[in-house]
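The chain below stands alone and is given as structure tokens, in the form predicted on its own.
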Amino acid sequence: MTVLGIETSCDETAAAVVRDAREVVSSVVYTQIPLHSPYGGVVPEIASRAHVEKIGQVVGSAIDAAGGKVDAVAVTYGPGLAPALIVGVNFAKGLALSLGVPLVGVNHIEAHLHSPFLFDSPADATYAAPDPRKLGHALGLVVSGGNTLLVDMPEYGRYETIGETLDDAAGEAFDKAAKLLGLGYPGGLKIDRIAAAYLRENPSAALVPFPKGRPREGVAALSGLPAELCVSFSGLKTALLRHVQRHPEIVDDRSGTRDWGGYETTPAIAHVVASYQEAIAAAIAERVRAALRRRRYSAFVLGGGVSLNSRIRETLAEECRAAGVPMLTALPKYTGDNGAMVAGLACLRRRVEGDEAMRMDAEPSLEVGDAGKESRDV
């Protein structure tokens, strides 16, 4: 089966064609970063307008590159920004009707957990994880700009959230720190490269002991989830702000500016950046360690754009080695928002047709495991 996947949950207009759930035949992504950079974050109205302007071109390019024929159309219908999701959902409905093919609604977070199973050609299949339907009982983690959560996966296609952030996602925490420190938007890649360069030169540096974001047991925000598997980054951001307020010279004194990993900044800011990133990586690793101790998992599935962060990957790999659990990661091009993960997951979903498909709507607060217009049967 060959499926076209459409992704418009945030600020990427993306489409891809995937064959048999895993082989990516074509993938096109239009990024809106230049549009949102002046505002220091994603502006929903700007994002939706750009989706409207670009989605036809992006989808057309993906279909043309795949030879022009697809057996089904898949689309992200949640979670995400409502104005952005609506563009993709409505476009997918019209396209499915015009092509006379079934429609599949896909959960954005669950799609990220499919990304490690994608490959670009049969020759590259050895890189990707094994057939997801033979995965067994796995632990999943999605770390992205809008999501940070742990997912228990008794079998492929069944999901239960067992831990999550109580406020900002890891990607948001990186972006807000970068803005505070004058590094610009988006901040994740900059922080990663600056921190890596700084620690290569200063491997024994005494880092700032920023908090690791462990919430207290019993707080209402946990909604019944165990505190040891949840994280809160609001205190970390506040700690960074207070540190800068106590030491204003960190951002005011630009003497000694030099290149760190391809980005110009000062040693003082590079030191803070490395400390801040270490706190986020350690917080995530601690939650994964606690989850891995709760049961014997067959694999650890890592997805989301922030999963490309080198320090987060390093710490999670250490945890998986210690637990004797293989870590499955995606090709770098499929870690961020993309249509291939949507199409790949949809290949293993029930196709929705007729009036039922046309009733599908955007669900900005869709949770993992919510079936909606999709099926868990694979």
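Everything numeric here is computed off the predicted structure, so don't read it as measured data. In case it trips you up, residue 1 is the first one in the sequence shown, and so on.
There is also a form predicted in complex with a small molecule; it is not shown, and the following applies to it.
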Contact test in the predicted complex: His114 vs the small molecule, heavy atoms, 4.5 Å: no
Contact test in the predicted complex: Leu99 vs the small molecule, heavy atoms, 4.5 Å: no
Distance check, Asp175 to the small molecule in the predicted complex, heavy atom within 4.5 Å: yes
Non-hydrogen atom contact Thr335 with the small molecule in the predicted complex at 4.5 angstroms: yes
The small molecule in the predicted complex: contacting segment from 228 to 236, 210 to 218, 187 to 195, 281 to 289, heavy atom within 4.5 Å: 187 to 195
Site test, Glu23, Thr76 and Gly344 vs the small molecule in the predicted complex, non-hydrogen atom cutoff 4.5 Å: no
Position in contact with the small molecule when the complex is considered in the predicted complex, options Val301, Val151, Leu103, Val306, heavy atoms within 4.5 Å: Val306
In the predicted complex, the residue from Gly88, Gly146, Pro132, Gly163 that sits within 4.5 Å of the small molecule by heavy atoms: Gly146
